[in-house]
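In structure tokens, the next block holds one chain alone, the form predicted on its own.
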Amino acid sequence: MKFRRSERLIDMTAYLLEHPRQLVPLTYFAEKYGSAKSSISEDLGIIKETFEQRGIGILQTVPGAAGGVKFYVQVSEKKARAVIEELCIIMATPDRLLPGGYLFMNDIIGNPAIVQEVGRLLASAFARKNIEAVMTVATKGIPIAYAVANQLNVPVVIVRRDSKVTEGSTVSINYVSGSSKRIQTMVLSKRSLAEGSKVLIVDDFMKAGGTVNGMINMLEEFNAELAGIAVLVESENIEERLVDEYLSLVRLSDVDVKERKITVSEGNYFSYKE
């Protein structure tokens, strides 16, 4: 079956977006569409230019006999600022205040469009790093972790508060909660993470960083390497933070229950250095 150029461009674009960070040989496309490599190269040049102009990502050409192309997600600064600004507006709505000064976030975590945008932003910051897995703790961080992992084309590792019989043998550690200072437990199946993996830790909300620090300790049990930490929201007014290097999209500065006012601003996304 012979493909028209317009059909090839659409199909190739879809394939690259669905297989981020995967090296795709030119011969794969040439054989699939019954086209010469020179034609495929021209098509990829058009896709590369469009990706960069639209702030979708980067299409890297890998030279050599075993080379090809590899797509990396990359969000433009203009787009990133628009998404983070919208997140701040959503986070600041007074009706998300709960008794005790807690914030209702299920509407954000449960919104596929928002979670997808968050995933693209966080993945964009780590797309060029050699990340082999994304780790999070059950339960609210799971949708964000999957959105990030989808853009990085890596598996998700979920740390739980207690063991499940369906997960087989597990590794269990105790950690100190950063905010309450209480000793808590987290568990991870031995089959979930390969030894020596490079891992990106992702969470929805970080106060003092006790849970994130616990996951870092869990990585040590697997001789795994911490590749980075990314959170949707960080709390600003913390006396002692247990984690130093991390990326955040939104910073929660103050919650005034009496006045029903939530003060938020952009996180350190634009100043973060890998």
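All of these numbers come straight from a predicted model, not from anything done at the bench. Note that residue numbering follows the sequence shown and begins at 1.
This protein has a second form, the form predicted in complex with another copy of the chain, left out of what is shown; the following refers to that one.
- Heavy atoms within 4.5 Å of another copy of the chain in the predicted bound form belong, among the stretches 194-202, 122-130, 98-106, 84-92, to residues of 98-106.
- Taken together, the three residues R21, K78 and S172 all stay farther than 4.5 Å from another copy of the chain in the predicted bound form, as judged by their closest heavy atom.
- The closest heavy atom approach of V257 to another copy of the chain in the predicted bound form falls outside 4.5 Å.
- Contact annotation: Y72 falls outside 4.5 Å of another copy of the chain in the predicted bound form, judged by heavy atom distances.
- Residue contact with another copy of the chain in the predicted bound form: S177 places no heavy atom within 4.5 Å of it.
- Heavy atoms of N268 never reach within 4.5 Å of another copy of the chain in the predicted bound form, leaving it off the interface.
- Residues of 113-140 that come within 4.5 Å of another copy of the chain in the predicted bound form, judged by any heavy atom, are V115, Q116, R120, A138, T139, K140 in sequence order.
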